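Shown below, as structure tokens, is a lone chain in the form predicted alone; questions about how it binds or moves come after it.
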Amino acid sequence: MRAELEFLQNHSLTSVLRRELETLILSGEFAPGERLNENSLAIRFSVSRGPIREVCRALAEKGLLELVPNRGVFMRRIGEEQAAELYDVRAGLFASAARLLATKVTPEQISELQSLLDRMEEAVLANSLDNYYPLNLEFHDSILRFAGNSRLHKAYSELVKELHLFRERALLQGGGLTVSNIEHRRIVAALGAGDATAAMDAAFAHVLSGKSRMTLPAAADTEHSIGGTAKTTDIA
């Protein structure tokens, strides 16, 4: 019984640590390529180095960290070529979710997506990336959630987390916020019409549009977001 309790306690601790460290990583706490100090993390979370090491291994398997033999644990650095590959895969997953959803979407789900679009439009008019960005993430996640395929949702979510690590392009290039929300409306219009092909095409084109904006040369006046601090290149 004692062994079982210890297993449950350790498993619970590891799960909590994994969530907390992943949150720090995705929030930009560590710079790309930065070495993570296991001792410092252990002190920060008031645990031994063992659970920290286990969590770092798990996050490395998810593509968020990199384990370098005899050197330690580092923040994974994603280059433009790798980011482009992630965008291509993401486009296919998002398009699949839109196709599935179009065949069974409910009026309540369309209403929820419309509400998000309206709130994003307010952020566009205010030129506020800080307000737009979380709504943008919620919009995409809602489509994956409504599609009802848990495996697809999980794969998409893990991919988006990897894209969070790519922060080398401004978010407002190529008419970013305005163009992004226009594309969102096309997707929702196709979903509302129950047109699976149009929804799939609009979703696929939307993500590839984000990929195209990523490759634009960073202009001096768009290095930082207007009304907020750029968090990631994943604006589509």
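Take the two forms, find the largest set of C-alpha atoms that superpose within 1.5 Å, and that set is the rigid core. Residue numbers here begin at 1 and follow the sequence given. The model shown is predicted, which means the values in this text are computed figures rather than measured ones.
Omitted here: the form predicted in complex with the DNA. The next part is about that form.
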{"item": "Single option in Arg186, Lys62, Arg49, Arg44 placed near the DNA in the predicted complex, where near means a heavy atom within 4.5 Å", "value": "Arg49"}
{"item": "The DNA: the contacting residue among Glu34, Glu38, Asp201, Glu29 in the predicted complex [heavy atom, 4.5 Å]", "value": "Glu38"}
{"item": "Interface stretch in the predicted complex with the DNA - options 203-211, 189-197, 51-59, 176-184, non-hydrogen atom within 4.5 Å", "value": "51-59"}
{"item": "Contact label in the predicted complex: Leu13 to the DNA, heavy atom within 4.5 Å", "value": "yes"}
{"item": "Partner proximity in the predicted complex: Arg151 to the DNA, non-hydrogen atom cutoff 4.5 Å", "value": "no"}
{"item": "Non-hydrogen atom contact Gly72 with the DNA in the predicted complex at 4.5 angstroms", "value": "yes"}
{"item": "Exceeds or equals 2 Å, Cα of Phe74 between this form and the one not shown, core fit", "value": "yes"}
